[in-house]
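First, one chain by itself in structure tokens, the form predicted alone.
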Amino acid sequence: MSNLLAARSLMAMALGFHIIFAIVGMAMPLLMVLAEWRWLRTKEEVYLIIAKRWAKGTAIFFAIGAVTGTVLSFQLGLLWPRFMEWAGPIIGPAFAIEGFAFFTEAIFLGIYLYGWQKVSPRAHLAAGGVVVISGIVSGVVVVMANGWMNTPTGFTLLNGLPSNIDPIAALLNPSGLLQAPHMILAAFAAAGFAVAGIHAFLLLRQQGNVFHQAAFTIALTVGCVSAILQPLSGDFLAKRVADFQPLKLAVFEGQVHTEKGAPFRIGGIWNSEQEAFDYVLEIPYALSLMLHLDPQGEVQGLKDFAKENWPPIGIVRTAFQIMVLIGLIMMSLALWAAWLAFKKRNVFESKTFLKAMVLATPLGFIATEAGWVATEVGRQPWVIVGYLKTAEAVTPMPGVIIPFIFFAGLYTFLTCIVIWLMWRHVLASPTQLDMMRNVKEAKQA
């Protein structure tokens, strides 16, 4: 394995692992705050129990996420020194904001976890609100910094190095402004479906359990609303990618040649010898209509760009297709839930729907991972598009394969810890017979 491939693989592994905890850190605080808000409004203690249990789950993921995030910050400097030298003065302020948001989240999460009997209910709810906001801000600024790598702004080039730097303009780059809401919705949809899927599984085992019904309702609402809005966000983002990253869009959509009236392509296997996609189902004019609101709109193809700047087409196209497919499945489940709620007034009566939600538990995380693969691999061979290639930014230090193996072991160990902790946490969920004791304890809180 070459040094470049080892460094890229290590960074990909670290990012792919950390993003799960970033998603939970953005979305789970909202769920726990909604549960507490319901308790304050209804005085039904079941919501207080849910809020406390979700807060503990959030703390577990936050702790592991802090470890993986710290590892990532070191890897940026150690594996990509040329990138940090080039981009540090431009996007450094974004990471400073992220650090401030992270510490704010940690402080107020501590208040939320240990302040139940020490501060007023409103102050406690407000502390949870700060956790929600700081978690979202932390994720958003990182996404916007990543957007800058795709569409660099906020500087001028002088003697091969950036000068006249405007960090605000860099932060508000064209890609980041639309990637941020897309990522927020992805986090809420993924966490909402995952939590709903867990409680759906427990509801199938413990029918009529009030705790799981209430928890399922909150998580399902957040997940479904986000899943319905996500395709709209994706449509806006795709139009932006067409404007600022036409090569990446051509790979996403399997558009080899520039043409008017471009079809939307489903499936396809990249044939590198013939430089074409095999086994593709085409919907005539659909891509031009989606991008330009004109069935005869022109869409640029791969052949318009230098071949040395093409990303790994098969990987990018496949990841993009997986993301879109899962997004449509989650939106369909959300519409099914809305229909059940409107028609039957009770989604718990449909065992088929509950089983479908159990199967959908990991879908949001898979879609997010696939989306990031499409975004990051689709930017190659550039680390800063148009300015700095990945091969030029990598460390000259040999033997990167050694830390790759070490961190692979570390992440495997952390994965086992998280699974064990969450398994114990979920198994400790109250049954119907436990509810009376839990309600009595909640009243004493």
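All residue numbers are counted from 1 along the displayed sequence. None of the values given here were measured: they were computed from a predicted structure.
Below, we turn to the form predicted together with a small molecule, even though it does not appear here.
S.K.: Taking the small molecule as it sits in the predicted bound form, is F95 near enough to touch it, meaning that at least one heavy atom pair lies within 4.5 angstroms?
M.R.: Yes, F95 lies within 4.5 Å of the small molecule in the predicted bound form.
S.K.: At the 4.5 Å heavy atom threshold, is L76 in contact with the small molecule in the predicted bound form?
M.R.: The answer is yes: L76 has a heavy atom within 4.5 Å of the small molecule.
S.K.: How about G135 - does it come within 4.5 Å of the small molecule in the predicted bound form, if we only consider non-hydrogen atoms?
M.R.: Answer yes; at least one heavy atom of G135 falls within 4.5 Å of the small molecule in the predicted bound form.
S.K.: Can you work out whether T70 and the small molecule are in contact in the predicted bound form, taking contact to mean some heavy atom pair no more than 4.5 Å apart?
M.R.: So T70 counts as contacting the small molecule.
S.K.: Judged by heavy atoms and a 4.5 Å cut-off, are E376, Q380 and T390 together in contact with the small molecule in the predicted bound form?
M.R.: Each of the three qualifies.
S.K.: Heavy atoms, 4.5 Å, the small molecule in the predicted bound form: which of 276-284, 101-109, 154-162, 204-212 makes the cut? Say which one.
M.R.: Result of the contact check: 101-109.
S.K.: Exactly one of A170, A262, V251, V142 has a non-hydrogen atom within 4.5 Å of the small molecule in the predicted bound form; which residue is it?
M.R.: Of the candidates A170, A262, V251, V142, V142 is the one lying within 4.5 Å of the small molecule in the predicted bound form.
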